[in-house]
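Next up is one chain by itself, shown in structure tokens, the form predicted on its own.
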Amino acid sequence: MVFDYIDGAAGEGLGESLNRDRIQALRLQPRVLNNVEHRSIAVTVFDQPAKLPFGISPMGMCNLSSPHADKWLATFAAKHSVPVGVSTAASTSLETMIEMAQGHAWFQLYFSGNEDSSNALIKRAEEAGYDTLVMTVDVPEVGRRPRELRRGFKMPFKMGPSQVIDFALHPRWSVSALLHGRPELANFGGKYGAFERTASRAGADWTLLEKIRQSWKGKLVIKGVLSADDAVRMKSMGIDAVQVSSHGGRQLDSAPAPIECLQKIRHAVGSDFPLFFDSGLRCGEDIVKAYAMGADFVFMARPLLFAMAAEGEKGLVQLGDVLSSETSIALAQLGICSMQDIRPEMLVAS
């Protein structure tokens, strides 16, 4: 059940597969004899130095993958000075996460139909010291994800015969959950109300976004954009950055490939407007391709959860090392020494 929640996509998974196919189809042009002995994969995000060219995308209920997943992600963010997105539906409180991340945390908001509850969360994030708010806008309704539906996945868990059998067949996960307690939605309860994952958020509109832009004094990132027209409008409203994303293919099975939308949006907003990217990145070469397509920074998600589910914190550290090494090697093959040297011309027709 947990694997299908993390790995699942909308519909038949065709949108997710399309994006992976388009990323894999991108070809990079090697260059030689450029003295690439001394290389760096460091970048800057909102003028802040980051030791890695990727951050951690906001993900709900990370502790489903392993009981200490949130803690490990926050520690990883602090070590490498990269942002960790703290989801509205996180299984560790937003206050704890920013403390463990030593300030390297961005709060992600699903603006619900309960405006008072959402505003209370925004105020809470401000008081906790967050200076970047990520508003996710591509979930007016939760996408239909058949793998979750077949498993009866709900948050919080609702146990039935099939779930009992499922847990019994996976003793490693089940025993760990029993020892540490089942993951909860840590940012809710009391005056913050209850979080209903499948609740409609269809009432969000441009007027609402304008109100949030006026009230939030820090950086405001809009996540889940695939339209160049939408991105241009957001830029005109004073949004600080747009995150091009298909929610990992979990919302609209017929959506276009986000990696191609990234290139179109870059052309539309110009070279100086900050663009972030997530969806379908799986290796260091993918990261380099995203930068070549117009990203200023990228975020990883599912691979991090899989690494922790397999090997705990050791798996996360190892995956971070692998992605770093692969990215650095890709730079060397392209004949460049830094992420800042990546250019669109380094992509060639397949």
Ligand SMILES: Cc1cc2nc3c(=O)[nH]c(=O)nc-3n(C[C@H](O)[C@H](O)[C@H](O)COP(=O)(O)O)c2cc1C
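Each residue number is its position in the shown sequence, starting from 1. Please read these numbers as outputs of a predicted model, since none were measured by experiment.
Beyond the structure shown, there is the form predicted in complex with the ligand, which is absent from this document and is the topic of what follows.
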Judged by heavy atoms and a 4.5 Å cut-off, are 5, 108 and 278 together in contact with the ligand in the predicted complex? yes
Heavy atoms within 4.5 Å of the ligand in the predicted complex: does residue 282 have any? yes
Give a yes/no on whether residue 60 approaches the ligand to within 4.5 Å in the predicted complex, heavy atoms considered. yes
Counting only non-hydrogen atoms and a 4.5 angstroms cut-off, does residue 187 reach the ligand in the predicted complex? no
I'd like to know if residue 303 sits close to the ligand in the predicted complex, meaning any non-hydrogen atom pair within 4.5 angstroms. yes
Among 67-75, 173-181, 227-235, 245-253, which stretch has residues with heavy atoms no more than 4.5 Å from the ligand in the predicted complex? 245-253
Answer option from 91, 136, 118, 263, heavy atom within 4.5 Å of the ligand in the predicted complex: 136
